[in-house]
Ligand code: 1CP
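A single chain, nothing else alongside it, follows as C-alpha cells in the form predicted alone.
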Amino acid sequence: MSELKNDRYLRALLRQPVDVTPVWMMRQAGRYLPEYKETRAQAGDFISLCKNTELACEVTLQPLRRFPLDAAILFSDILTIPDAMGLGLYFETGEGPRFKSPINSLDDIKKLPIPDPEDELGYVMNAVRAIRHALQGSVPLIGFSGSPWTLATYMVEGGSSKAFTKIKKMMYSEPQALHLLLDKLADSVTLYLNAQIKAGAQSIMIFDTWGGVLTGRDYQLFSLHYMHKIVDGLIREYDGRKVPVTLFTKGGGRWLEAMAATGCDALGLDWTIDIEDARRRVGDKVALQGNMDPSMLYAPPARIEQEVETILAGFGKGNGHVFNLGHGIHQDVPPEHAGAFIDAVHRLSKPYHQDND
C-alpha cells in the first residue's frame, strides 16, 4: 500500500477521525488561475489540453502549488465517454460543448460502442498515472465521471440545454430507447472508473449535473437507478485501501435518503441545501461534501470566513464532512479569495475535531 502524507480527505469520506475538516474545490484546476490560462493557450484548446498527458498533469497540480488543498482531482471533462463513443465532441467559443453527431434515434443508440478505457480513453488513464506519480503521495487523487443521465442529456440535446426538450421527449415518448442508452452509459462509466482506480485514482466522484431537472419519480428511474448500478460495479478496495465513492446531484436535495441508500460513501451537496438538515437526514449513513455557494468567493475574505464558520457549525462536531463549494468555482473569482476560503476551513474547523486529537 502506498503511503499518503495527507489522507484526511479519504478518512473524512469514510467517516473516520481527522484533525481538521479537509477541503478541495470543484473545478479547482481551472480558469480562475492565470497559470491555467497560460497552459491552456499552450495546448491550443480545451480538448487538446485534456489529451496531453504532460499538460493535464500540470494543470491538475497548479492549484496544489498555490493552496494547501487536501485532494487533487483529475483534469479531464465529463464528456470524454460520449466523445469516445464517436459523437465528435468540440467546444464552441462562449457556447460550451457540442457534438457533431448527436443521438437522434433508437438506431443511433444501438450502434454506440462501449469504449475500451485503455484504448479510446487511454489518454485519461495516462493522465491519472502521470498525476499519481507526480503527487508523490502528498494528497489523494480523485477520479470522476459524469452520470449516465447527465451524459445522455448532452448526447441527445447535442450540447448544453436550458429546457431539455429533446431528452425529455425521448424519456416520455420512447422510454425504452433512453433506457438502452442509459444502460450502455452505465456499463461504460463503470469500466471507465474502474480503469481510473487501477491507474491510480484513490477516490471516485460521479457528477450528476442535470438530475435536478427531473421529477422525483423520473429521477429514481432515469438517473439514480443507473448511478446505483455503477456503484454496485465499482472496485471498492484497491492497493490495500478503500476507494470511497461520492455521488453529487445538482438540485438533488430532495432525494438525499434515496441517494444514500445506493451504498455510496458520501453525498455532494449543492448550496441550496442546509447542511444541518442534510446531516440530520442521512448523517449516520454517509459522509457529506459541501456546500458553500461558489458566488460567496466574490465576497471580502471576512465574509467568506463567516460563511465557512456557519457551514462548519451547521455540520457540527463529529466525522464525515469534506468542505467544498456547492458547485464549481467561478472563473472570475480572485485566487486570493480561494486561498482565504481554504485557510478558513482548516483554521476554523479545529475545534470541531478536538476530541480526535
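When you see a residue number, it is the position in the sequence shown, counting from 1. Everything numeric here is computed off the predicted structure, so don't read it as measured data.
From this point on, the text means the form predicted together with the ligand, which you will not see here.
At a distance threshold of 4.5 angstroms between non-hydrogen atoms, Y123 is out of contact with the ligand in the model of the complex. Proximity of M85 to the ligand in the model of the complex: non-hydrogen atoms within 4.5 Å are absent; the residue sits far from the partner.
In the model of the complex, the ligand sits within 4.5 Å of a heavy atom belonging to R27.
Among heavy atoms of F144, some come within 4.5 Å of the ligand in the model of the complex. Taken together, the three residues Y90, S101 and E157 lack any non-hydrogen atom within 4.5 angstroms of the ligand in the model of the complex. Remark: of stretches 74-82, 280-288, 172-180, 228-236, the one touching the ligand in the model of the complex is 74-82 (heavy atom within 4.5 Å). With the partner omitted from this view, the residue of H330, K51, R66, R40 that lies near the ligand in the model of the complex is R40 [heavy atom within 4.5 Å].
Residue P97 is the sole member of 92-109 found to place a heavy atom within 4.5 Å of the ligand in the model of the complex.
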